[in-house]
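Take a look at this single chain, the form predicted alone, given in structure tokens.
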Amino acid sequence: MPEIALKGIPASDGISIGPSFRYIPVDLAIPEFSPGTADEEMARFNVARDHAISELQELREIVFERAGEEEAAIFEAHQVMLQDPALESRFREFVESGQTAEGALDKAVKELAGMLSGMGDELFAARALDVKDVGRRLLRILLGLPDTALDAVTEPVIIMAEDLTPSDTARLDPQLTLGFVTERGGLTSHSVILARTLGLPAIVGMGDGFLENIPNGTLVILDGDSGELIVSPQENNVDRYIRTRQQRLRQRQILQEAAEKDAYTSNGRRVEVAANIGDVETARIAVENGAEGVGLLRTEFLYLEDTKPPSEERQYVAYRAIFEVMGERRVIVRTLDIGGDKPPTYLPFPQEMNPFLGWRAIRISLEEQDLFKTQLRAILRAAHGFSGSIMFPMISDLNELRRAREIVEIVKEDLARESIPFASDVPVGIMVETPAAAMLVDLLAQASDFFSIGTNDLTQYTLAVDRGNPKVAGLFQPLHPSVLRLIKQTIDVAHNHGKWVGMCGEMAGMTKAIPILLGMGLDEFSMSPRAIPTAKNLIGKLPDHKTQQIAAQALSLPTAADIEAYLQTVLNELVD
């Protein structure tokens, strides 16, 4: 067949060349038959669950040997999911209404996974896949089917699939798996995390139907760095990718060496390169990639995955696990940033014309003070013995900040009175993500220990562009002159008041933006963990006098397009 070039989402680095193998999972069609009594169907569920827990323990041991304790913990989490009271309760309701165990399980899993998928967040979509994986395992056991779908792989191949569950990925034999490509999937799924740990190149999100044109045994080139899949490549392309693979291995070694060192500009100015994370797994990935701390710990994952607010203890355990992974490194915990665009089911949210301008973030915390105090208690307890900071989102007024800080002090007094250990000297700062905050840094500095610029929202609010609306996506320009001027003003004024400034928006990890941000005097860059090695390597090549010239020149240009073109020229010169 002729050569075909396809494009997906790059998920795990590396280039693999080899024959394709289409993975078709076991068919779990549910036959029609009459159910037993509710108690009989519950008994079948319990037996299948015990069997599934046993399988997961075996899988955990396999992954522990291949990838280590951290990745094996995925299957401990699956064991916990199997015993989730919410799943069992919903299952019982369905069997009591006359469903078979198979039908009840199918409905309960779809309901729970659908709730997680509908939250519009990649992390929750990944957890939905875990729920489906657990559900498939239980259903397969109830149907009496063996777990043998991957036994047909007998030679090194590149796996092609509609999707891969964590269980599927764990079963892949590293000696026979060159990489995998899926129609669906996201970057935060446990399957992708496992692939990275095992060193398997991967592409996800190829789109429905791509498998139909790739017969088993077709030679393919998988480029996990760019997301390109070359089907039936010509010989010259095979040679080119072999050379590219060798070049990337050399470059990766350079980046790894940069990641292992603290970040300094070429003339010795210390800056911090930290990570944006949302759970303990991304904390581990951050450390592996050289993160010097966490510039943004998103806490929404705890508030949006259940039908009731997370308890203090549950939050404490989750935050503490992250602090333990980060060790002595600073962790900045952002208090809950939920709202009309991502509402939990247990808060009464009004229908809002524009939820980005509505009841969200710090506005909710100041009104729902019990919710806020519970979170602050958990953060202060978890930070005991570690380097923790608290950061408030969506601040636009000094009074908001003062009220929030007063609540922090009340919580500290409560913990001290109860003789509960907590971090008593936690710095408290704010996100600068509204133009109001950027304009009031001199006043906010009275009550804020530090500032972190959230460029995603700052850009949205400055340009009046909904960053989630594809119709106006082209107008969302982080390098717009107005946004850059607000950033520079924030840094200058904060420094004049002796406060450091970080950035935790996507812009902090943009290679084009790093030179200008250095020139503006940004103290901390917080980004996606996998962007850290490249950022550190780039920072180490740039002297302060050069970046100051770059910043001055960029700020003199009239449009975002002019600034982007200029910064691309700067990067090209650095490469040359």
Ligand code: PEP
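All figures in this text were calculated on a predicted structure; none of them were measured in a lab. Residue positions are given as counts along the sequence shown, with the first one as 1.
The protein also exists as the form predicted together with the ligand; that form is not presented, and the subsequent description refers to it.
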At 4.5 Å by heavy atoms, is each residue in Asp337, Glu433 and Gly454 next to the ligand in the predicted complex? yes
In terms of non-hydrogen atoms within 4.5 angstroms, which of the given stretches 220-228, 101-109, 171-179, 502-510 touches the ligand in the predicted complex? 502-510
Considering non-hydrogen atoms and a 4.5 Å limit, which listed residue (His78, Arg127, Arg137, Arg360) is close to the ligand in the predicted complex? Arg360
Contact with the ligand in the predicted complex, heavy atom within 4.5 Å, among Leu296, Val192, Ala291, Ile390 goes to Leu296
